[in-house]
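As structure tokens, one chain now follows by itself in the form predicted on its own.
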């Protein structure tokens, strides 16, 4: 078997090291809940509105509420200007984020309602959907939506044969050897249950198991930051707005 070509990360990080993370709660005053979350240069902002009555009425679920996510990138967030408006990719990611968040939400308490989660990437350097999910989880907690657990997300990459944590755009474009594989994974923070997993590229079943282990470990750091900023916000505001 040929040796692994990728032996040193392009930005100098350790193989299992996340980029510098930051987060903030309550960034949009008119929203019911809001937050930002960043991995390095990737910055996501989330705004939550609801629960509120769902219209038109025939779309209502009489047994529980629904979550509706809208993910997109600002035109200037990427190197080559993106055409304004939703794309097929952004619509697909919106659905995946809904699937990742729904299992932890107490939607049974709000029949006939909708919770709208608007997610905007204001600066993109890979791992955008993961940053968006992390921001959404904080914003939902800020909005007071009942949650069984927090949700934390991270990308694991395979560059040639090497697994790495939190892929950057430069790594995402790696083409040597076996090239780049990107795996976005989302976990229920305390139970470690996998809520969503997207794989772009190729990896063996054994490699995927190792990637999930790395993802679980990395999302512990994400979860710690999410809890930290929520606690700091509550202490600063005396328990709420």
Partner chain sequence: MEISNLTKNRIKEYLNKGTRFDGRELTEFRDISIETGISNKAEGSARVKIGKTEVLAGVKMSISEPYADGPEDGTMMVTVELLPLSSPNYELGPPKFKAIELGRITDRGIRHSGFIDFKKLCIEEGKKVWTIFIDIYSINDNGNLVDASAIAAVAALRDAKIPVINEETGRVKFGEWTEERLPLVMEKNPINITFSKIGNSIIIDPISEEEDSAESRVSIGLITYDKKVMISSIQNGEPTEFGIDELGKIFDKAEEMYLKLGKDVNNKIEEAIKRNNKK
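Positions refer to the first chain, counted from 1. Just so we're clear, the structure is a prediction, and the values are computed from it rather than from any experiment.
If you look for the form predicted in complex with the partner chain, you will not find it shown, but the lines that follow are about it.
Exercise. Looking at the partner-bound form in the predicted bound form, is residue 170 within 4.5 Å of the partner chain by any heavy atom?
Worked result: No, residue 170 is distant from the partner.
Exercise. At the 4.5 Å heavy atom threshold, is residue 68 in contact with the partner chain in the predicted bound form?
Worked result: Answer no; every heavy atom of residue 68 is more than 4.5 Å from the partner chain in the predicted bound form.
For this session: Please run the contact check for residue 40 against the partner chain in the predicted bound form: heavy atoms, 4.5 angstroms, yes or no?
Result: Taking the distances in the predicted bound form, the answer for residue 40 is no, it never comes within 4.5 Å of the partner chain.
For this session: Consider residue 205 of the chain shown here, and say whether it contacts the partner chain in the predicted bound form, taking contact as heavy atoms within 4.5 Å.
Result: Yes.
Exercise. In the predicted bound form, which residues of 187-208 put a heavy atom within 4.5 Å of the partner chain?
Worked result: Read in sequence order, the residues that approach the partner chain (within 4.5 Å, in the predicted bound form) are 187, 188, 192, 193, 194, 195, 196, 197, 198, 199, 200, 201, 202, 203, 204, 205, 206, 208.
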